[in-house]
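Read the single chain below, which is given as structure tokens and is the form predicted on its own.
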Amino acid sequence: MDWSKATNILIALFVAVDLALGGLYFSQQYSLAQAEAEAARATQSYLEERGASVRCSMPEGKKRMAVLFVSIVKDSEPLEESRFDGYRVVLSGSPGYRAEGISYGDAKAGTLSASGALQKFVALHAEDDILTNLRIDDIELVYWLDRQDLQGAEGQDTARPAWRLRTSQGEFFVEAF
């Protein structure tokens, strides 16, 4: 048996299999992107039927992010947000306090896209009157910590990525994981 010929045949077969698998992967990614774009258009149409409008540009793509460990501190100014590594850190539910970033968690996970967050928001409020004549002015990816149950407590906690929607009806958060 000629081992050099057998080796060449096996290498050629593995290259062909790799190319086929790579083509399949990129085909699936393209299909997923097309489906997401179609869902975003359907959500936009649904909002328009309700008289709602999106007056901001939608951030593109998805990111891989980790949770953010934060320190909750009393704030002499009425600010409820800070910045860490380019992201806003928003604390809600504890007026007079703010969250300051300490470090990221070890594991990263893929986040929901901005259009996916808008779809989730619409699904959560589809039966509410809140969508009627709603105006969405800004969509931003932030680190968010909701402390409604722990008002006024200093210490440490964990903030998660969330999409902040600033609207004519107020501010809403949609978790990005």
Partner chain sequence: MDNKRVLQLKMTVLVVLFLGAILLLYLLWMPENAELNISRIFDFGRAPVQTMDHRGLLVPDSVNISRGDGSFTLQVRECEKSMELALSILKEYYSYGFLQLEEISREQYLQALDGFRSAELDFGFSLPFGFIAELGGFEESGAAAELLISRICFSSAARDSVILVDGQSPGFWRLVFSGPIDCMARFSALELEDEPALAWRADSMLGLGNDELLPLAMSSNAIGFEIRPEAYGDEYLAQDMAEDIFGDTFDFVRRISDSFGNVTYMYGYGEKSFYAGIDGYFEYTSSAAGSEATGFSEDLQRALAFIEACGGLKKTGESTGLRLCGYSESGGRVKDRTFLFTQSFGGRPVAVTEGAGLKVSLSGGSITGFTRRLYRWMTGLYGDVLPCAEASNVIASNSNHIYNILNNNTLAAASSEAFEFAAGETVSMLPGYFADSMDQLNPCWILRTKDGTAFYFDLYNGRPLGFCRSQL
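Positions refer to the first chain, counted from 1. In this text, all values refer to a predicted model and were calculated from it rather than measured experimentally.
There is another form of this protein, the form predicted together with the partner chain, and it is not shown here; the text below is about that form.
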Problem set entry | in the predicted complex, Arg147 touching the partner chain (heavy atom, 4.5 Å) | yes
Exercise. At the 4.5 Å heavy atom threshold, is Gln28 in contact with the partner chain in the predicted complex?
Worked result: yes
For this session: Using the partner position in the predicted complex, report whether Lys108 sits within 4.5 Å of the partner chain, counting heavy atoms only.
Result: yes
Problem set entry | Val67 within 4.5 Å of the partner chain in the predicted complex, heavy atoms | yes
Seminar exercise, completed: If we test each of His125, Arg135, Arg50, Lys62 for a heavy atom within 4.5 Å of the partner chain in the predicted complex, the one that passes is Lys62
